[in-house]
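One chain is shown next in structure tokens, namely the form predicted on its own.
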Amino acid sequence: MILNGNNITKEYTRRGETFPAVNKADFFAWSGDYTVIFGESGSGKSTLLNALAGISAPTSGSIEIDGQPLYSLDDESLSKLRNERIGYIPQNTACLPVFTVTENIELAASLYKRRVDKDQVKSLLKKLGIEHLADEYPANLSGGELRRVSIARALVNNPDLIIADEPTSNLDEDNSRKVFSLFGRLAKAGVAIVVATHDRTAFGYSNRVYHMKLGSLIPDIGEYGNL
């Protein structure tokens, strides 16, 4: 599976002035790639990830998955593709309060009437260190626990592509390493991993690192990653 973005630009208008949050970015990820994007808050990382995940169309440029232009799809087809092939981990950790942890994780699959692998859910909960919270409700969880629920929810469908926006915020060092190590094992199994993060723990697991600055995406050939 290949994710390919060319000349991606996303513009916003504020007080009558237009500015690019993402400026002519080129990006690609092959199956098995583990890509880290780092940069200051406001540099455009989240905006870029939202475009790559099929959530927010760029103002100009193109994004393709396996040669399929992402934004040529209608809303229903795009939603189905995201559900089946993309595991997206947003910065927020929103869970539906009326459902348990397990029910929240299973929800995305059930929306498309797909069979939920109960053993897969249990395995993810264990790998993320929250198996004891399976039957708890979101109101009883800490921020870090909710973060790990959102990660499990993104991984449960065995996606081809994982796009994660600050996935280890609210996590301590030990749990951050668990998350990045889990991503590393998935990359070795052929999943394409794209992570935007401030957490330098991620760099040691990646094979490609980009620096995002003022909307521009720059391949990093410095001390980070294994380029």
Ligand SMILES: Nc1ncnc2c1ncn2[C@@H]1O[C@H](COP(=O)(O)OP(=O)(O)OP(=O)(O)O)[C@@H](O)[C@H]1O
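Quantities reported herein were computed from a predicted structural model and do not represent experimental measurements. For every residue, the number given is its place in the sequence shown, counted from 1.
As for the form predicted in complex with the named molecule, it is not shown, yet the points below apply to it.
Screening 35-43, 61-69, 177-185, 154-162 for residues having heavy atoms within 4.5 Å of the named molecule in the predicted complex returns a single hit, 35-43. Among residues of the shown chain, Ser77 is not one whose heavy atoms approach the named molecule to within 4.5 Å in the predicted complex. Of the heavy atoms in Ser123, none are within 4.5 Å of the named molecule in the predicted complex.
In the predicted complex, the named molecule lies within 4.5 Å of some heavy atom of Thr47. Contact check for Arg200: every heavy atom lies farther than 4.5 Å from the named molecule in the predicted complex. Contacts between 18-36 and the named molecule, taken as any heavy atom within 4.5 Å in the predicted complex, involve Phe19, Ala21.
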